[in-house]
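Take a look at the structure tokens below, where one protein chain is shown in two forms, each on its own, as structure 1 and structure 2.
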Structure 1
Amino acid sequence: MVAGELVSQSIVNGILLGGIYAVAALGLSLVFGIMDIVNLAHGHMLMVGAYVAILVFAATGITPLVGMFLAMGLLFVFGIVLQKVLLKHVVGEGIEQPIIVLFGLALILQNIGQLVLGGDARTADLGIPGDGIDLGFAFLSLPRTVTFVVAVVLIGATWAFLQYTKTGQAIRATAQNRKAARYMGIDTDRIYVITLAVGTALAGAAGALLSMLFPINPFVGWSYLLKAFAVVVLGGVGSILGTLVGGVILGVSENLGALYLGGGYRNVVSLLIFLGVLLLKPEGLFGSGGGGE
């Protein structure tokens, strides 16, 4: 490829990858916006979702697109148990205690992954041909396109859930003002459980999608947590459109950074975007603010 084609190819690949980043960030943004906790274990929950899809594929040959739903289901239940057993005792007790609990959980998940599956990187086969469509200025990879479409569908489904269901409307009301939501009869404890379950399920979905494109090992959680943070800060907490736009911007920036600086600088690009947005526009591009009291 000539230089111009490499740039356009990096941009197209970044857009397609950005959809998965947006799914990962959406779960983190949802939990932060509603519960006011920073889920430091979010990247490791993503890792668990990826391993579920990989192991299901290795054991049964079932495509990770189907395994993704199993990963989402398992992590949805995991989120319920996590909130009911651990986090309910520390949510609302300041920012330190939930952070300590979730940091410890991240280390536990990482060590369980290493103990059970070893430190080797694994990946899953999407089960569709690796070819695609030649657009003239870039090649549209079929696996990347499929994962992007699935990611956009998941984001759209989450938006519809929040907009058109009673539970979704209760979640939005809790995000706007918790005390007022309680006065109106909304069970905010139940909303916290559902919010964390949905957030962890989205992490599982993102992990399953990433397992089709990139090798996964027990240590990738921190890297993807950083990317999710960067997307949330870039798009703004509470904005689904901002999350999608932020994911695409991060994906494109990472690919262009890898093109010009080398693949080892992907995480550096994420960190620079994270810090740059915090300094210049901390509310993000579409930020609407977190939950109030």
Structure 2
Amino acid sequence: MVAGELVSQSIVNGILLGGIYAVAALGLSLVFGIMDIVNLAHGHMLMVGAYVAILVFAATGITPLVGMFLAMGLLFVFGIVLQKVLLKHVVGEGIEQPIIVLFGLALILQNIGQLVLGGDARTADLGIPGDGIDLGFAFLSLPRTVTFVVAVVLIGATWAFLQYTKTGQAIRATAQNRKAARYMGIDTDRIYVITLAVGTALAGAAGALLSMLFPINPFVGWSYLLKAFAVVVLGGVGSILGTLVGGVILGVSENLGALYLGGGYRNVVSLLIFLGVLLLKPEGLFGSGGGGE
């Protein structure tokens, strides 16, 4: 019999982890929802963001919470270049070509990471003590709590950007109907550039946050890509609230699965939930089930 304290601890840990999963998934969801491409390199962009934060921390001692902004900036620029140089030739040309380009990019990023930094796992220090708050029913780890709060702020900022800025409204209009948006005078090519840049910047932010909790090596990209996919499907493509809820569900289900079935089944449980949602509610918990053209 599993003690109640263990259950509540697992739920708390899952919620705190779910926030980062949501940030990791948000960029993927945005790019998928607006550009109709599956960014297979998203996990590897996250890995790059993590390494930026780790290297800045190693070189200067600056906390990854600050390094995160540098990671976001670099990946924002990378997203612009990627769209203008590579993806503009293949977006809208069917599903296969962008997938092949992005799969190749993932392999290139992984190999560059390995070549430059080796295969060793690296981590950064949040710069706050490893203790936390004892709530009685669960222990609230301070590093996890801080990263969760930052993750929620990032998600809120993305929502506000899409909701209240002209560019955000143009992005949403493009997501709803790109032809109509074009007829209304929206420069959809520019919107694609901005969307990809924001998506990759969010991957960079998620990587920086993850680097404070988990060691990073050049191979982590695939595993986080899988988790991001699961969150997007759970929450529904394009839904920011859905992404947050999906992230939390994934985090909690992973932790409870590990508790009841053993750590070896952590990912199995989350993937079963993912498959269940695909079967029963393929548009996701908060997805519209339609959209596009």
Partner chain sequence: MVNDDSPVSRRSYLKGTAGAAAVASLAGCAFSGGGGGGDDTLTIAGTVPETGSFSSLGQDLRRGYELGQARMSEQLDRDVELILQDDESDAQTLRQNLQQITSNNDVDMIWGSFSSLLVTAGSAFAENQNLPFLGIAFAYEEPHRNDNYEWTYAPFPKSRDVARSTLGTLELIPESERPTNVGIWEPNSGWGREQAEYWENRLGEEGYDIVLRETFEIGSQDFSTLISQSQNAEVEVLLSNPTPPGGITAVNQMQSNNWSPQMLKFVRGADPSAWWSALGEAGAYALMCPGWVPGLTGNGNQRLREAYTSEYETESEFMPVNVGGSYNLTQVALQAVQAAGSTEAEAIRDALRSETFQTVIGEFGFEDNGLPAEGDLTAPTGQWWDGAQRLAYPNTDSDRSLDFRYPIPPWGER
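Rigid core (definition): largest C-alpha set, two forms, superposition within 1.5 Å. Residue 1 is the first residue of structure 1, and the numbers go on in sequence order from there. Keep in mind the model is a prediction, meaning the values are calculated, not measured.
- The form predicted together with the partner chain appears here as structure 2.
- Core-superposed comparison between structure 1 and structure 2: CA of Leu55 displaced by less than 2 Å.
- Once the rigid core is overlaid between structure 1 and structure 2, Leu259 counts among the residues whose Cα shifts by 2 Å or more.
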